[in-house]
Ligand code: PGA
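Quick setup: one chain, the form predicted alone, written in structure tokens, and binding and motion questions come after.
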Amino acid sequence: MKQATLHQLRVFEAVARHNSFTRAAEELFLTQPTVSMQVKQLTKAVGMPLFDQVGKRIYLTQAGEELVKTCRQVFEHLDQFEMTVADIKGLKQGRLRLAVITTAKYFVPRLLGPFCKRYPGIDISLQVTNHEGILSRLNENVDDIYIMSQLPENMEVDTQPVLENPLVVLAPIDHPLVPEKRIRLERLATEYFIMREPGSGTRKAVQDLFDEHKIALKVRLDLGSNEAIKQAIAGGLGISVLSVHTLALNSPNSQLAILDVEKFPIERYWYAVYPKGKQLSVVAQTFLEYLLTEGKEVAHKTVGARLSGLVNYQD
């Protein structure tokens, strides 16, 4: 390993992360033969195969899996050192790696704008993925901070609630239930629902509420996209329950209305999550403090302004 270079380690980690020489080459702006040569030289330095190839797919060997963990530890320590030096100089510089659940894309980018203006020396990598993808990245400790609403089970993590994430009932603006007040769950259950896919945090929260009251849901359609669900509601296919943050980008002339239903909104929260015991970098800690203070105000103003024109929101 004394012959291994930092460049070889970065190339290898990219290949392992993508499970692809081609995609690693694209990310690193290298040719595929160059990537293959770097991995070959690193394999020779280790003295054991790092990948097994089965058909057209590659898999990490046991030695490869251990080396991936070591690479990420090395990169994390180097990043931490660079940020610590910058902090000593009175600067906030470095890279912030964020991974957020799909619904969080409606407000996280708006929080990053003011943050980046304040700290122009910080580069941000933002990954948006589903619940399964977030858990995979969290398990591999790929990012600095993860933002999600459904906390992971059977994983040791540190969490901090950073923002309210209420779930509301949405219907077409011309739906007969729109003018009604305190609609009972039993009445709501007579309507057809359009829901997120099984396994999503939103669907679980809704299902738990109705199960608690022993009421069955009539699910007409499963969709994996909040935008698709909103279009389906506007098209008259049914009603749904979504995070109020999914409405942050809606125009004042939205074709959706928030229904006044008992037991709603379902109170949930967005959490900042990271592996238990993980030492946050200077940059990550700075962003977390921002989330807990000014970030909340930015998000509330953004969502409130967008929702003020929606029926029943401020009744």
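Every value quoted in this text rests on a predicted model; they were computed, and no experiment measured them. Heads up: residue numbers just count along the shown sequence, starting at 1.
Heads up, the form predicted together with the named molecule isn't pictured, but that's what we're talking about next.
Novice: Just to confirm the contact call: exactly one of 194-202, 168-176, 108-116, 213-221 touches the named molecule in the predicted bound form at a 4.5 Å heavy atom cutoff, so which is it?
Specialist: Among the listed stretches, the partner-contacting one is 194-202.
Novice: In the predicted bound form, is there a heavy atom of the named molecule that lies within 4.5 Å of any heavy atom of residue 99, even though the partner is absent here?
Specialist: Result no; residue 99 lies far from the named molecule in the predicted bound form.
Novice: Consider residue 93 of the chain shown here, and say whether it contacts the named molecule in the predicted bound form, taking contact as heavy atoms within 4.5 Å.
Specialist: Result no; residue 93 lies far from the named molecule in the predicted bound form.
Novice: Flag residue 263 as yes or no: does it have a non-hydrogen atom within 4.5 angstroms of any non-hydrogen atom of the named molecule in the predicted bound form?
Specialist: No - in the predicted bound form, heavy atoms of residue 263 and the named molecule never come within 4.5 Å of each other.
Novice: Can you work out whether residue 287 and the named molecule are in contact in the predicted bound form, taking contact to mean some heavy atom pair no more than 4.5 Å apart?
Specialist: No, no contact at 4.5 Å.
Novice: Please identify the residue among 207, 150, 231, 84 with any heavy atom within 4.5 Å of the named molecule in the predicted bound form.
Specialist: That would be 150.
Novice: Listed by sequence position, which residues of 8-37 have a non-hydrogen atom within 4.5 angstroms of the named molecule in the predicted bound form?
Specialist: Sequence-ordered list is empty.
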